[in-house]
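The data below hold one chain only, encoded as structure tokens and taken in the form predicted on its own.
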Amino acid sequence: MNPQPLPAATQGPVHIVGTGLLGTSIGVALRRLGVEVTLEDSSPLALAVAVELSAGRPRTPDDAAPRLVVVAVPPEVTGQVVAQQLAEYPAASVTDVASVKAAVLDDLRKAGADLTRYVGSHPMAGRERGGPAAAMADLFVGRPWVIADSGQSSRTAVRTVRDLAIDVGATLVSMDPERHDAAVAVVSHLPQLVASLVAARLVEAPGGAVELAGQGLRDVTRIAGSDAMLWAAILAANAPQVASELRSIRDGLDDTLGALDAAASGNFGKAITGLHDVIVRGNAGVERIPGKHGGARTDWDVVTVLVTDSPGELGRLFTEVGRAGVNLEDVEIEHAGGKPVGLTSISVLRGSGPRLASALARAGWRILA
């Protein structure tokens, strides 16, 4: 018998302003928990889609005042909209889900807004596709949700926003606005720019080059398909922090170019030393990226299996992994261009790899070194 879900800590009504990906996803998640949600958006079409997806209903003048307002609008107008909501609902706690926090807080200070009822927040979740049609009730499950209080936020307001994040399945992280913006500049905004810059080079790539693309290029450019206008606004709102990170990248590129120029002039000793240093520093950075359960991904063994592109093959592979008694930590699939096969790399805890490889080989799978 399945256990009944715990009741939501969030008390409605909750009013969501902005029915894009994040706003609609929050609404859908809360409605599944039985929380009353009302919606507002300057786009009638976006609002209609959110309503159709059961994210809530349009707010009417007769509705009771909300206990919590969630502002999910583009970052360049977030401060203005938060100030309006604080003024319109003087008993409500108000949060926003913009990806920058210091600029929003600065706007609210200039507007003389009531900062005791405002708590900045940022769910570190998203998709390459935006808009309400891409919304998912479980978008936030297991994802970090930053709570960045104003410095004057009341305990009630902070608790209300924390309850929201917990109810939708997120993991709480507390940061002040400035530290948050510095953090997302390096782990979110910089990767978006670098991915876009690399992908842009493909436009002028010589004929036949893209046909040689492997999983490395796909990994690096995956997020380059993101919404251009949204990301332009996000990057502009966090300009000082992003610029600082890009200058560090530029310094690294200058060092790398120096090593490559040395190789071109025949000084291979200097070249190898410089290029080796770039890769080693990258190795050190990758080791800091947490894997499943927070452990380092370098604690894993990787078993690579050749899988034919046929219905049910991946399911059969995962079944065999389970039969081997090995817990799967991560999976990566690399498709072979123009071929009916793919390479599936299975990450397992260190020491489990040889046992899994032997079990899969006995089951008829082709294991690649």
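Position 1 is the first residue in the sequence shown; the rest follow in order. Keep in mind it's a predicted model, so treat the numbers as computed, not measured.
From this point on, the text means the form predicted in complex with a further copy of the same chain, which you will not see here.
In the predicted bound form, a further copy of the same chain stays beyond 4.5 Å of every heavy atom belonging to Asp106. Proximity of Gly315 to a further copy of the same chain in the predicted bound form falls within the 4.5 Å heavy atom cutoff. Contact between Arg155 and a further copy of the same chain in the predicted bound form is not found at the 4.5 Å heavy atom cutoff. a further copy of the same chain in the predicted bound form is not approached by Pro7, whose heavy atoms all lie more than 4.5 angstroms from it.
Shown without its partner, this chain lists Val77, Ala111, Ile166, Ala213 as candidates; in the predicted bound form, only Ala213 has a non-hydrogen atom within 4.5 angstroms of a further copy of the same chain. Residue in contact with a further copy of the same chain in the predicted bound form (any heavy atom within 4.5 Å), chosen from Ala92, Val73, Val146, Ala83: Val146. Partner proximity in the predicted bound form, defined as non-hydrogen atoms within 4.5 angstroms of a further copy of the same chain, places exactly one of 113-121, 92-100, 156-164, 169-177 at the interface: 169-177.
Residues Val242, Ala243, Glu245, Leu246, Arg247, Ser248, Ile249, Arg250, Gly252, Leu253, Asp254, Thr256, Leu257, Leu260, Asp261, Ala263, Ala264 are the ones in 241-264 with at least one heavy atom within 4.5 Å of a further copy of the same chain in the predicted bound form, listed in sequence order.
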